[in-house]
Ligand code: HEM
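Only one chain is given next, in structure tokens, and it is the form predicted alone.
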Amino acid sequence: MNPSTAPASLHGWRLFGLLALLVLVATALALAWQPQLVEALRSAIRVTARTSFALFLLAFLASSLAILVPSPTSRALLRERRFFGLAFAFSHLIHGVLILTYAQLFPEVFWNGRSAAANIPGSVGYLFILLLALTSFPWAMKALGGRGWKALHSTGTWVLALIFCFSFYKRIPLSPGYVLAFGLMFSAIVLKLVAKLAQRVRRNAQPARTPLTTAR
């Protein structure tokens, strides 16, 4: 069946609901898997970090994939980008609640080797996530204006991408798994820049083709 004619049952808020449910199920399973609460919280924090990263990548790369690899799938991804972004915000909200719970219940473990300055990038990230989530609705776009809304969301997504990249990079000595996460985020940033360059080249080439088309 052609994707464009397939029943579009999973889109918009239904898609968001499914993604949010999957995040909650994954969190519950991670909490239930470990018998000790401290390990259960650590496991759930890791799981929600991964779900947040996956959802952020989908939202971050949606427009780039639509430019570089135009297809029904990439266009559908771009169409649902707002809901992937909101699902990312929901996942990271759960992630933040788990971290706060961990810090409250086990402060001596949480703060061991950690300084207040180490929380600055994460705090900045949460501020932008809040701003992006609150302005992901038509009324917010109207209030901010097209240019202001675009500037906020472009800046916010790039700040979050760089925070992810920095966070993964500094954790590479702790676990080889962070090499893959850093590589994925770095590659996504490169892909985003390539897509922007390709879009600019196409725009600059468009006027040059117009006279030839007219001459025919």
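One rule holds for the numbers: they count along the sequence shown, beginning at 1. Please read all numbers here as calculations on a predicted model, not as lab measurements.
Just so it is clear, the following notes concern the form predicted in complex with this ligand, a form of the same protein that is not shown.
Remark: H153 does not count among the residues lining this ligand in the model of the complex, judged by a heavy atom distance of 4.5 Å or less. This ligand is not drawn, but in the model of the complex it has no heavy atom within 4.5 Å of R75. By the criterion of a heavy atom within 4.5 Å, T101 is excluded from the residues contacting this ligand in the model of the complex. In the model of the complex, none of the heavy atoms of F60 sits within 4.5 Å of a heavy atom of this ligand. Contact with this ligand in the model of the complex, defined as any heavy atom within 4.5 Å, is confined among 145 to 153, 23 to 31, 187 to 195, 39 to 47 to 39 to 47. Every residue in the set R114, L160 and S167 has a non-hydrogen atom no more than 4.5 Å from this ligand in the model of the complex. In the model of the complex, H92 is the single residue of 60 to 94 with at least one heavy atom within 4.5 Å of this ligand.
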